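To begin, one chain is listed below as structure tokens, in the form predicted on its own.
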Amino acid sequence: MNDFSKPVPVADSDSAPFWEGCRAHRLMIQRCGSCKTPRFPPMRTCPKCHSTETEWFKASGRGTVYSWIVVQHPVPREVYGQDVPYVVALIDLEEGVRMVSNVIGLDPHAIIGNMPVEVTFEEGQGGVVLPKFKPREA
């Protein structure tokens, strides 16, 4: 055990529903209340129609790996050194948004492009629940 803590996300007024959903093991995505375009990360104004109307919906949690890296040399090493190797990936969700997350539950070098994945939730420090992705069974 070391004395270093990992940084944890801090919810703001835009992202609070997302983090509340994670605590309940639901992947919540924001969409425009006017044109219904989903968006991630959450923001106040729709980038498509500029409406400030927002609503939230539960995403399927299914997606595919768009791109990824396998972290071998973490920075700072004091914080993440015990976790290597690990995967940081861009996940394309079925709902049409792209999310940065970790892919877990497999050899990091076994990941391939367009690999089907599904969300899972992990307890983090300070009571934060993080969405991560694992390979999806066919």
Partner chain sequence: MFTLRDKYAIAGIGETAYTKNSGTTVLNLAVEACQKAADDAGVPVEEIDGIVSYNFGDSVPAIGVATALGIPNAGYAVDFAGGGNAANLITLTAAAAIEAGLAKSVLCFRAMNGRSGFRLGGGREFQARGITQYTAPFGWITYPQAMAMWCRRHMIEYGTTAEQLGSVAVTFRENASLNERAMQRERITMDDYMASRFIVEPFRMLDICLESDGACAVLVTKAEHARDLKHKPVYIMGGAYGGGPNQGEDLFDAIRWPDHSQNYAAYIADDLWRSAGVGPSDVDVAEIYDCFTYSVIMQLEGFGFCKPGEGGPFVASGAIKRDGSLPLNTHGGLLSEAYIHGLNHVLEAVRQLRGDAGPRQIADAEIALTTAGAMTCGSAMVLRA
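Positions refer to the first chain, counted from 1. Just so it is clear, the structure is predicted and the values come from calculations on it, not from any experiment.
Keep in mind that the form predicted in complex with the partner chain is not shown, yet the notes after this line are about it.
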- Message: Counting any non-hydrogen atom inside 4.5 Å, which residue from S67, S51, S60, T37 sits next to the partner chain in the predicted complex?
- Response: S67
- Query: Counting only non-hydrogen atoms and a 4.5 angstroms cut-off, does R26 reach the partner chain in the predicted complex?
  - Reply: no
- Looking in the predicted complex, any heavy atom of A110 within 4.5 Å of the partner chain? no
- Message: Would you classify E123 as touching the partner chain in the predicted complex, given a 4.5 Å non-hydrogen atom cut-off?
- Response: no
- Considering only heavy atoms, tell me if G81 and the partner chain come within 4.5 Å of each other in the predicted complex. no
- Task: Pull the contact list for 15 to 42: residues with a heavy atom within 4.5 Å of the partner chain in the predicted complex, in sequence order.
- Result: S15, F18, W19, F40, P41, P42
